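Coming up, as structure tokens: structure 1 and structure 2, two forms of one and the same protein chain.
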Structure 1
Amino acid sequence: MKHLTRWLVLLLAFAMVAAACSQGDDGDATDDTEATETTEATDDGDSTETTEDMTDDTEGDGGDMMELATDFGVDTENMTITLGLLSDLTGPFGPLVSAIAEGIRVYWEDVNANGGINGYTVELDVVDTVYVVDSHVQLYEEMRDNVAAIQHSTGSPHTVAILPQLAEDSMLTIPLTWYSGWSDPALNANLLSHGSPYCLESMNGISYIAEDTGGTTIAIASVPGDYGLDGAAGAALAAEALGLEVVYDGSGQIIPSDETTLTAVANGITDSGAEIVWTTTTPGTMSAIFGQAIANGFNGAWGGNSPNWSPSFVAPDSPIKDAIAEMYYNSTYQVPWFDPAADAERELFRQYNAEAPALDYYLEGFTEAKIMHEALLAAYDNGDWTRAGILAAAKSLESVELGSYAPSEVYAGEPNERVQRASYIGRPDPAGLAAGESTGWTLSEGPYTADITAAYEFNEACYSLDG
């Protein structure tokens, strides 16, 4: 029971993060690497090291001499490459981001234990932003000359705040949010996003619920900002494409700290008589609105973007456990932790951390690390581990395979070609959670792409950060 309690606390916090916002081919490591270094002046006055590495992954005579250009974050003498994590470790999303960071750490520990990247060990520079934009910017400034790329950046406004510096530094960054603008060339020049954006996730979820229930009317409600309004925009697009009547529109109306607002939204949903409800909010506000609507006698199907969900909804002592199990459809970006599709990742994680509580979100850490790994491998193959070289290689990736637990990602081509359209749909599982056999939900279908999502022409963000 102690592990269950700890698990629920972590998952409740983790599920809120986005509201703010199998092992790869490591190459062959050598034991007899020889390196010589020369220094060449770059156009901007910085120095670029060119290292000749003897590798054993060639055919024929046993090795080729390959020149590897470097600038920041690569120690050619000690054969290390350093990646930065701008992480909220003690702020409002500390428990959840800590779980992601642990997934990242385990992934790279395994890579390093198996030869690293052609003999180079990956080191992580992890800092705590406390989920404060100014701290995020300051800590980036402090680490920028010591890292080759940013492995993780928590939060949409936080990542937006460092975009000018990322551009100036040619710094590759992996953001932790699912805002649709990350697939927009106007914002993503230095970013590799992943997972279906909030608006496309909404389209998938609503399509699935409408087909499963036969519902023809919908209520939409969300928090303000990029997360809430991006998800609400997708809900509106889904309603239009499916011919659903919007009988209540509370887009941007949910204010988590305002109980009066939560009651007003719950009453609006109840009075609408909608057969389907789609919310884009946090677990705490979702449970408050849901509980009030159910108490009012509302009896429709519910769903929402991934950050809505918390396994605490179906904990043994949850007052909404039975109603959630009956009415709620969980939407997310990957399979549950105990799903057979994640067997390989779960087994790998347990090799390095056998005592950690079961959390779906270690898989998010694996995803972020795997994407960075593929970018570094591609840049190494190009002989260019400068920051600009890593960024260019990342943007050329035509496919990053994530095993069977999540759909592959594409980073080359136009936004409509590379945006992730698939997500995962599941149902609550209170019995499995109580028995320690699930993380509170089980997979119904996924990777799932609705017809309307597949047909949607994605050429810009569904919701603009400019309003």
Structure 2
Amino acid sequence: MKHLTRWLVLLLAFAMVAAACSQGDDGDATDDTEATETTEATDDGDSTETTEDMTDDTEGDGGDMMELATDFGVDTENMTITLGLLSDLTGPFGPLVSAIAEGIRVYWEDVNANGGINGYTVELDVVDTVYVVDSHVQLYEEMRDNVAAIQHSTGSPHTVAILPQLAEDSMLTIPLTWYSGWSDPALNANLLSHGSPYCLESMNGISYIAEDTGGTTIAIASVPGDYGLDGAAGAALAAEALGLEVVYDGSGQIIPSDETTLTAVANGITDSGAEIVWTTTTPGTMSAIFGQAIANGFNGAWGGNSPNWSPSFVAPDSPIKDAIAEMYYNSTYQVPWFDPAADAERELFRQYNAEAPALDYYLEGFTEAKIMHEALLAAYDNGDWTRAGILAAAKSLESVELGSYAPSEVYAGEPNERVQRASYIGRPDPAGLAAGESTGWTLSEGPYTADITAAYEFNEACYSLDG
């Protein structure tokens, strides 16, 4: 045994010396063959140097092509550009985000089928963060040198956690979260947000419900964190502006992993006898609180932010479908899937995916992809597809037209001028869902901007994330 280990040790030592000697060669080889690959990028020092190399390559190969500066995620040889998706595919928002990711995939498949972006094929690097901050950070770390921009990043604390890294990498990122704080210049240096923030969405929703039902008392309940507390803050603002009495305030009281909090909130809502309920939570907890509240005899009007809703509420087998149809108001950022305003998008989607169930969230995927598309085109026109170039082009966008299914986004001006104030309000439609004619709800009004929302002076986040 002794002899053997000695031999092994000797061999190992020899191998290491040999490796150290041949190190130089290895390095060169890597540079030649896979210039854009991770190994090159990890040197991490000057990206400008790499940029120059790449520009030279392009000139050599391309001939008539315009001079395009690139660094990460763009393969000038195979003419591809890679975008990263930090998605929650199997976590609490899995149903939404996987449909959004599918919408994005279809959009780019169509772009690629029609010649790509000036000949460049768009490729996607999709990873599943499971809505966990640590995995989000680690997965970003794994993908950052392979992508030119982040097509979406799910979750606010998650996105905040990678902000320093995004800044270091000059990485354009579309946040897949409607946190009102994205308008804050301290946070949005790398972000291009879209849609009405939870806070303003709550205002629209409550204003609509109050008008529709004439209710004067309101109960508010939400999950903790940026999503829940931002939505609840908007609800409180709406109550103040409309003169509604807040009879129960359960902001941040819903803990999805703890069933007792659902019972407590349901009891609180029932005992308050509110005429309007506004919840900012997840579909699973929403159905539980709603069920327990109506079991206690509650029958007020009920609304909630977009991620509250799931078509499964009104599925044929759902016990609460009739109660939901009677009491619930759905709020969201675009028209329903079957709305005539989304005809073009729906047809396009079905060309590439005829099988997938009808869901609204594909449209959100289209929105994100379209915004990214605009940014990439603008950057291409500047001849700069480096990450910094894409970010700069995105930041100089004035507005993005999304089509008739969602309001266009304005990116120029102060937060108060550019914030998206319009959202869409609808009512559940179990019959339509059963007949396959709707995604479970129909549009009542949209794009809808309530008077109180239009008048709201938006200068800072409704709820701020400390530290």
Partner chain sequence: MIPTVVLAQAGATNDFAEMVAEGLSLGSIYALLGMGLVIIFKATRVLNFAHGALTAAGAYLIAAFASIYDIPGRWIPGVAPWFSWTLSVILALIAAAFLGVLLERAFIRPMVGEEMFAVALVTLGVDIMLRGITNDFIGTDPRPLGDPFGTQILDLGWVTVAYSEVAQFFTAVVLVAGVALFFRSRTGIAMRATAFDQEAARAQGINVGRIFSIAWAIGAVLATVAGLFISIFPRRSAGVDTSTAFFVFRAFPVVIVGGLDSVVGAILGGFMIGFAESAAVSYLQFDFLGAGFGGIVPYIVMLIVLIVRPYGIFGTEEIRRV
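Numbers follow structure 1, counted from its first residue as 1. We call the rigid core whatever largest set of C-alpha positions still superposes within 1.5 Å between the two forms. Being a predicted model, the structure only gives us computed values, none of them experimental.
As for origin, structure 1 is the form predicted on its own and structure 2 is not. E240: CA moves less than 2 Å between structures 1 and 2 after rigid-core fitting. Core-superposed comparison between structures 1 and 2: the C-alpha position of D258 differs by no less than 2 Å.
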